[in-house]
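We begin with a single chain expressed as structure tokens, specifically the form predicted on its own.
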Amino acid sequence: MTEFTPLTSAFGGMLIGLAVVLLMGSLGRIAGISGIVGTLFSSAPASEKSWRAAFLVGMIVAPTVLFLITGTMPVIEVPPTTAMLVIGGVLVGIGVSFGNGCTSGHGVCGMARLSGRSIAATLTFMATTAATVYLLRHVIGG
């Protein structure tokens, strides 16, 4: 089971919310990771690519900063097999394409803007997640 960490989780959620608000307030952009990454590999102007690259670098550098402050790295446990991770990644990519965005764009940013499309997408994500966990844990027995 996953450890219950309400204070750490709340603090992390506040940092995500702050980042989303700062990005929307300063650049008028939504912090959807699939859109941020996708534009890096397109023919977008350099000004669009620079802030997107900085955003992604920040996501990568943050654990290193945490290590320098605390002396420990976050523990990441990935119990599924490599094949399951690859299949899951492909399915997420397909879902991002069909859903016009990812969980961060719809769930964090779109829901905050009361976007009907994002509310529907987030409900779909959550229902699919619940069904998948139920099937894997209780029907298939994973």
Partner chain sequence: MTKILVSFLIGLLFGTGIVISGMANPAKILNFFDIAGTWDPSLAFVMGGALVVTAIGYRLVLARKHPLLAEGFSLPTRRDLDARLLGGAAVFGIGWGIAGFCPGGGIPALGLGRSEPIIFFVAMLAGMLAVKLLETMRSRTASAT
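Positions refer to the first chain, counted from 1. As the structure is a prediction and not an experimental result, all values here were calculated from the model.
Just so you know, the form predicted in complex with the partner chain exists too; it's not on screen, but the next bit is about it.
Interface residue remark: Leu68 is not counted as part of the site for the partner chain in the model of the complex, having no heavy atom within 4.5 Å. The shortest heavy atom separation between Pro6 and the partner chain in the model of the complex is within 4.5 Å. Taking the partner from the other structure, the partner chain in the model of the complex has no heavy atom within 4.5 Å of any heavy atom of Val139. Within this chain, Pro45 is remote from the site of the partner chain in the model of the complex, having no heavy atom within 4.5 Å. Residues Ala62, Pro63, Thr64, Val65, Leu66, Met73, Pro74, Val75, Ile76, Glu77, Val78, Pro79, Pro80, Thr82, Met84, Leu85, Val86, Ile87, Gly88, Gly89, Val90, Leu91, Val92, Gly93, Ile94, Gly95, Val96, Ser97, Phe98, Gly99 of 62-99 are found to place at least one heavy atom within 4.5 Å of the partner chain in the model of the complex.
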